[in-house]
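Presented below, as structure tokens, is a lone chain in the form predicted on its own.
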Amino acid sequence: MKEHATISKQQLFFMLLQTHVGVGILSLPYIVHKESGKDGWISILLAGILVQAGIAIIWLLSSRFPNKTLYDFAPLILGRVLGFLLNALYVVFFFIVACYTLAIFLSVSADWVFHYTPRSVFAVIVIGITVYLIKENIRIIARFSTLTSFLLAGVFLLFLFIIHDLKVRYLLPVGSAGGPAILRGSEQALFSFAGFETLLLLFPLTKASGKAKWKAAAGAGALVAILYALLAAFSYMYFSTDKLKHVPEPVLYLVRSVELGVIERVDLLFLSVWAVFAITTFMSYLYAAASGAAHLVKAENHRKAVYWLAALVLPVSLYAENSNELERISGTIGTWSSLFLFVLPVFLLVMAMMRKKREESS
């Protein structure tokens, strides 16, 4: 592994953290509430536990091939043809998630801030910044993720200003939604935790022991689960159950109620921070898709693939024009995401164990 293409365990933690905290942070409480009501925060914690299991599976799989990414070891496990097809599926998945992330960013920006600015303008700006950063090696993205991760602390501090307005009774009685409803809510929350599957690509690029890599990935997933659960609990304690049914982006309305005196629109400040999270997630997924595309065509590096995919992202991300269309797309992606987050990694691990495939014997 070339020195310039590696990252540290700390950079792995922050990169996974930023990839996790994407566009779902705004509407997750509402999405989960539709299934499990005021017990949605429990659903999110359960989803976080399931994510930890997914991280462990990916870690076990990648540990068998410590110097190879998914795109390298999939053909070794399944054979050249099936491995190629699986890699192509992951490239498509990463690309679609990147497009969806950008589409959500454009939609929120247009609805909340820039009502009369064409979405294509912001799309070109975001894509241009992303291409500039990801056309080089992975360390550039890791440094950017590390640099911007301190903004998460600001999110936690911001919500301290509304504690006095929260009503704990809105969460009672705990568990009243019932087990099946809470489990359905966990299923809806899983897509918002997407990002840990990029460990399949980052594992061999990280200079650390296998145990340190697992700790970094598990720590990032746990921190995101706590953040999401707190945001959901705060939303449920601020809005009543009846009101929340009509608030598709409760986190933004929650922030809008904060009064800091010198800042009139705190929600605009929060959106500026959220934009960094959304763009970082978009960067990670577009890089993952470009790396896979370059591997499929046996290119020397991923730079040309970045340019081609960036050109395709623009029309695809502009396809959805309203929130209803985006919600429909989100449901479709969420349904298929479990396949790439859990099912395929488990399948690859089982096949690798059955066929006794390891990097040393491959």
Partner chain sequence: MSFWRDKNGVFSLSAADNTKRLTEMLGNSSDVKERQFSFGKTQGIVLYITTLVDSILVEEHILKPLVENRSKSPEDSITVLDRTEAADFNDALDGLLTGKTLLFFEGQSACFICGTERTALRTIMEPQNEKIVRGAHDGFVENLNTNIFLLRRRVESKELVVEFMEKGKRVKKQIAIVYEKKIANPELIKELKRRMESINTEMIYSAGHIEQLIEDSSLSPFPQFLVTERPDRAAANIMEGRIAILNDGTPTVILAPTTFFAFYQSPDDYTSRMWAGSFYRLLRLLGFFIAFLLPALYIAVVAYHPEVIPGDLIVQMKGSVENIPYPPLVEALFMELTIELIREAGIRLPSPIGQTIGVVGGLVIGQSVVSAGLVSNLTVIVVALTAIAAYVVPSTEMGMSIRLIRFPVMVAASLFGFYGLVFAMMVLAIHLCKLNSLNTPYFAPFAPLRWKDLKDTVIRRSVWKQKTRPSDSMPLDKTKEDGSREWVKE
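Residue numbers count along the first chain shown, from 1. What you see is a predicted model; the values in this text were computed from it and never measured.
Although it is not shown, the form predicted together with the partner chain is what the next lines describe.
Novice: Residues in which of 117-125, 81-89, 205-213, 284-292 have heavy atoms within 4.5 Å of the partner chain in the predicted bound form?
Specialist: In short, 117-125.
Novice: Heavy atom within 4.5 Å of the partner chain in the predicted bound form: which of A222, L171, A275, L158?
Specialist: Only one listed residue qualifies here, and that residue is A275.
Novice: Considering the partner chain in the predicted bound form, which of L133, L201, I182, M237 comes within 4.5 Å of it through any heavy atom?
Specialist: Only one option qualifies, and that one is L133.
Novice: Looking in the predicted bound form, any heavy atom of D242 within 4.5 Å of the partner chain?
Specialist: No.
Novice: Within 4.5 Å, heavy atoms only: does E264 come near the partner chain in the predicted bound form?
Specialist: Judged by the heavy-atom cut-off of 4.5 Å, E264 is in contact with the partner chain in the predicted bound form.
Novice: Does Y228 reach the partner chain in the predicted bound form if we count a contact as any heavy atom within 4.5 Å?
Specialist: Contact check for Y228: no, nothing within 4.5 Å of the partner chain in the predicted bound form.
Novice: Using 4.5 Å between non-hydrogen atoms, is F196 touching the partner chain in the predicted bound form?
Specialist: Because no heavy atom of F196 falls inside 4.5 Å of the partner chain in the predicted bound form, the answer is no.
Novice: Non-hydrogen atoms within 4.5 angstroms of the partner chain in the predicted bound form: do N301, W308 and F340 all have one?
Specialist: Checking in the predicted bound form: none of N301, W308 and F340 is within 4.5 Å of the partner chain.
Novice: Using a 4.5 Å cut-off on any heavy atom, which residues of 86-118 would contact the partner chain in the predicted bound form?
Specialist: Going through 86-118 in order - heavy atoms within 4.5 Å of the partner chain in the predicted bound form - the hits are F105, S109, V113, F114, T117.
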